[in-house]
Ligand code: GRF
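As structure tokens, one chain now follows by itself in the form predicted on its own.
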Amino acid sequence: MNATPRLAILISGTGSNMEAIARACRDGSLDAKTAVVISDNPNAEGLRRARRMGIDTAVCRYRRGVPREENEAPIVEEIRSRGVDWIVLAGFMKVLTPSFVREFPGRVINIHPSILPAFPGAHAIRDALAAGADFTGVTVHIVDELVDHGPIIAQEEASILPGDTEETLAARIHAIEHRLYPRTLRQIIHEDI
């Protein structure tokens, strides 16, 4: 482990959680360095955000018809070559293989927009609304070999209000994520959970 822990943040989209984490690293509220932002999507807005912040980026595209482990190999190489201590999933929309998780045991962290185990999967906010739930929220957890599973480190609820749409609920969830994720990473990295 480096004196200042080094993070690889994996994204697929806008990168708003990545930016919240990188800003926390920059302002010192999270004593870590964003070593690289990696995306499977070359057009991800989060890559542009990272570059504007002066953070190194890498694109590791997934190819159809190729085993997932083969698609993950460039990600593993990026992580190794940059001396990364922690892999932080921040809207990375690919399911990591058990072999990837075993490569970095206990060092892959994810954030999910529900109170797990409720509403796992890619459409958690939509699923919570469709189920007529009174609340949902945010979970930060250590990644294990199952999808949206593993030791839960932090959770925070968000009420579902009358008239909520996927967009209005997502906005409240994102506000929680941007506060909860950097704080929980600080706890995980520096308090050895």
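Start at 1 and count along the sequence shown; that's the residue number. Not measured: the values here are computed from a predicted model.
Below: the form predicted in complex with this ligand, not depicted.
Engineer: Should I79 be counted as a contact of this ligand in the predicted complex, where contact means heavy atoms within 4.5 Å?
Structural biologist: The answer is no: I79 has no heavy atom within 4.5 Å of this ligand.
Engineer: Going by a heavy atom distance of 4.5 Å, is I87 a contact of this ligand in the predicted complex?
Structural biologist: No, I87 is distant from the partner.
Engineer: With the cut-off set at 4.5 Å between non-hydrogen atoms, does N17 touch this ligand in the predicted complex?
Structural biologist: Yes, contact at 4.5 Å.
Engineer: Quick one: is I75 in contact with this ligand in the predicted complex, heavy atoms, 4.5 Å cut-off?
Structural biologist: Close contact is absent here: in the predicted complex, I75 is far from this ligand, nothing within 4.5 Å, heavy atoms only.
Engineer: Looking at V108, I111, I115, L96, which is the one with a non-hydrogen atom within 4.5 Å of this ligand in the predicted complex?
Structural biologist: Exactly one listed residue reaches within 4.5 Å, namely I111.
Engineer: Within 4.5 Å of this ligand in the predicted complex, counting any non-hydrogen atom, which residues from 154-181 show up?
Structural biologist: H174, E177, in sequence order.
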